[in-house]
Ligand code: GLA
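What follows is a single chain, given as structure tokens, in the form predicted on its own.
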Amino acid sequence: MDIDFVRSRFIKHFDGTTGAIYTSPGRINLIGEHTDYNGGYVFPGAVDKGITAEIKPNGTDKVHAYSIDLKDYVEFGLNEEDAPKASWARYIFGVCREMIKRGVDVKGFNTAFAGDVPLGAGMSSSAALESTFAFALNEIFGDNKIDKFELAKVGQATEHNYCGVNCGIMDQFASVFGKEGHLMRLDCRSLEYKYYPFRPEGYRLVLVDSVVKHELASSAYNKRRQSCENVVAAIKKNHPEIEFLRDCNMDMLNEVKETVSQEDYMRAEYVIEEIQRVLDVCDALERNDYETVGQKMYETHHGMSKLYEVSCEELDFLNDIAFDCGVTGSRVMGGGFGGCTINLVKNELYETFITTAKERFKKKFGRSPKVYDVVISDGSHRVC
């Protein structure tokens, strides 16, 4: 995001002076889908697209906020009853409230912000927005008293308490903790994390957006989560120490194969295998073995399509095109039922793959997919 553009809008809409500029990124998840609520691992990284905001205390008890992209201006107070109606402003209000709950003496401020995270592509623009303001308010009003993990939890709590989204911690974690040239393995049970080098020389990471989102996503998500809980309950009868599918292996699953539904068995099989794939990818990256990384990405797509059944015709089609073009790795990214594939592509195959994907997808579905190149970048920070 062009910080000069953000600054120019800030100057125009406020008193002609300038404040401090902060930015936070969106994220990708290389592998590890539907593992978070099963106590497993995710493997995200911050990207080179995000939210950038200029912020300056204004000496009042009101926030004056301007969304550059929406060309919309909102003012709101900092008490619970002051919640704004505009959905975008509720994210900022929620962050203010969550910081106040944690003892930060947030006062009124002026802000203008803009983003270049593609909307609807599963790169978590909302987490980038929350992380930008949590990081900034912590520095401006809190003397950096809140640690980075708590800042991620501020964003998560904002989603839960002010935006009606019962999300996990991965998106905010990746936005706050991102590190250039590294992906992060987050243990969703213990919240322990570790950085792994991701410098795929000779390869490019690219998202191909199907530009579709099927309606049944939320109800189907809940149903799959229930399947996982059903299997854990069945396995617990033989192994009372089990808490999550993360604690299970295929031998344990096969012990209860006759007592759970075929559908529940398939869901659990996918999750158990996916948790192991995250660990396998970590090992491969430490060996600089990107071919194995790609193989595991294809295995994940197969599992999400055939076992967890959260893919769709458009995403399977894009995955098939990637395989036909010799792409090293490809899979659906995110919860499924639409969105993007994430692809690890050798440089020499990139142009052919993108051209072929656009042509074949448009011929079949009547529209072109969107393409986003991804560079792994730093997390929340002050720009100037």
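When you see a residue number, it is the position in the sequence shown, counting from 1. Computed from a predicted structure; not experimentally measured.
Keep in mind the form predicted in complex with alpha-D-galactopyranose is missing from the figure; the text below concerns it.
K.L.:
Of 50-58, 321-329, 66-74, 35-43, which is the one stretch near alpha-D-galactopyranose in the model of the complex, taking non-hydrogen atoms within 4.5 angstroms as near?
P.N.:
So the stretch in question is 35-43.
K.L.:
Could you work out which of Y221, F141, Y193, F149 is the residue within 4.5 angstroms of alpha-D-galactopyranose in the model of the complex, going by heavy atoms?
P.N.:
Checked against the cut-off, the match is Y221.
K.L.:
Of the residues C167, C163, C282, A86, which one places a heavy atom within 4.5 Å of alpha-D-galactopyranose in the model of the complex?
P.N.:
So the residue touching alpha-D-galactopyranose in the model of the complex, by this definition, is C167.
K.L.:
Going by a heavy atom distance of 4.5 Å, is G334 a contact of alpha-D-galactopyranose in the model of the complex?
P.N.:
Contact with alpha-D-galactopyranose, yes.
K.L.:
Heavy atom to heavy atom, is E98 within 4.5 Å of alpha-D-galactopyranose in the model of the complex?
P.N.:
No, E98 is distant from the partner.
K.L.:
Can you list, in sequence order, the residues from 344-377 that come within 4.5 Å of alpha-D-galactopyranose in the model of the complex, counting heavy atoms only?
P.N.:
Nothing in this stretch is in contact.
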